[in-house]
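Read the single chain below, which is given as structure tokens and is the form predicted on its own.
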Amino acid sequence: MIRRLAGLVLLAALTLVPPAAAAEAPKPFRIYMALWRGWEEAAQGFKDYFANQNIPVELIVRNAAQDKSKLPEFVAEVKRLKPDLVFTWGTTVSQEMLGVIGKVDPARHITDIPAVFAIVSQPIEAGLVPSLASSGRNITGATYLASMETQVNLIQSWRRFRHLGMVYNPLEANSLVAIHELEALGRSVGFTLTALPADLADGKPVPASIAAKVAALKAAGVDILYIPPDTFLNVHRDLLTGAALEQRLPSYAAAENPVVTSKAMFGGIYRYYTVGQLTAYKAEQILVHGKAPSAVAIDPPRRLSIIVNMPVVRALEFYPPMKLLGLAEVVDPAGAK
């Protein structure tokens, strides 16, 4: 009887002590995501990467909704919450929250928490990093824009041009950088650029001015419209690409939305979703493998996608050479079986 009682006590004790295999699940990494225009493909790619790699994360998502005045509030919240990592979406968010070289202020910017940025077209020109090989700072990230030389070569492979046109938001840093690069490249390659700013009212670009700018470019003899990576133009992409189509002006887009979801004729782009996944991979190097952000290079995805909007091609009767078409992804809802 005593032996049996002792055995029951021992059995009860064993059931109360969890086995080593049932150890607590690893604590998730806390990541603060500061977005500029809401949840989209890059943010989804970032999130999905961790799920696919079985890396537990807790995402704290904030959306500035294109309101720059919210970004100091985000910085203050990051300093209060002290997450493991910060994700910044876009040039404006990254500049305002992380600071630019030579003007970083620990009181106004995030400096003591590692950060990764995504959808920044020109990290060096934006002042975020001195080199793509190393930021020299507590940040790294992924680029999403093909080099301007690659873009111009792609346009030339469709049809040689002498006069490039562009409508832009004069308040958008990415567009100003694009103008500078295109002008410099035009001088060396042999084309001219006419860039017309959208009208401003109350300190904001006016969407209603877009169509008139496109008409003015057509009247100036522009061969093709270049659409830069610009949030204002992305939001109003139907106005811009619709005006180009009405003027029978072929258009090339540096980012995916004007081609995939609107009426730009074609583009050479890195998919936002893929950029988000690449950014998450860089975050993994920091969080899981203990790398310093400055030791993680800044680069784009490996594969550039050439997207051709076939309904626009047919409407303009401006067909690409077969060699280029053979390399492209074709958007053609009407041609789907």
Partner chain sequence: MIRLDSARSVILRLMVLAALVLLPPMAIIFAGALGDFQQGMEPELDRKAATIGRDLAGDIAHAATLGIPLDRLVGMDEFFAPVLESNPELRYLALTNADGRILFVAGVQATVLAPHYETADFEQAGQRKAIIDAYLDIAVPLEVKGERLGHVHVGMDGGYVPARLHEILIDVVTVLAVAMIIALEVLLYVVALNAAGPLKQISRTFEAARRGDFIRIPAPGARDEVGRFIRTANDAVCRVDELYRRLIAYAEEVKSAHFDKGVVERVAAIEDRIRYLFRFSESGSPEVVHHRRALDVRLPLFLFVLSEELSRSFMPLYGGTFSLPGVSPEMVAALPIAVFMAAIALASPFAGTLTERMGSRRVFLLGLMPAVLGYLLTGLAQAEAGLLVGRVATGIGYAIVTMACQSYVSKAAIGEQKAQGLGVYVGAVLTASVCGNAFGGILAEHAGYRAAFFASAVLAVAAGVLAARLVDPAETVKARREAGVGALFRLLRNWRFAVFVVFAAMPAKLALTGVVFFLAPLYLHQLGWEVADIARILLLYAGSVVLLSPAVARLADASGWRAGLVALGGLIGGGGLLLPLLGGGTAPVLLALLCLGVSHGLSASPQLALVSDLCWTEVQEIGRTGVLAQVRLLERVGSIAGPILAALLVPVTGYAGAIAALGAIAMAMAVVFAVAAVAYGTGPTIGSDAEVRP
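In this text the structure is predicted, and so the values were computed from the model without any measurement. Numbering follows the first chain given and starts at 1.
If you look for the form predicted in complex with the partner chain, you will not find it shown, but the lines that follow are about it.
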Hey, of 64-72, 31-39, 276-284, 308-316, which bit sits against the partner chain in the model of the complex at 4.5 Å between non-hydrogen atoms?
308-316
Using a 4.5 Å heavy atom cut-off, which residue among R187, R159, H163, K204 comes into contact with the partner chain in the model of the complex?
R159
Applying a 4.5 angstroms cut-off on non-hydrogen atoms, the residues of 168-201 near the partner chain in the model of the complex are none
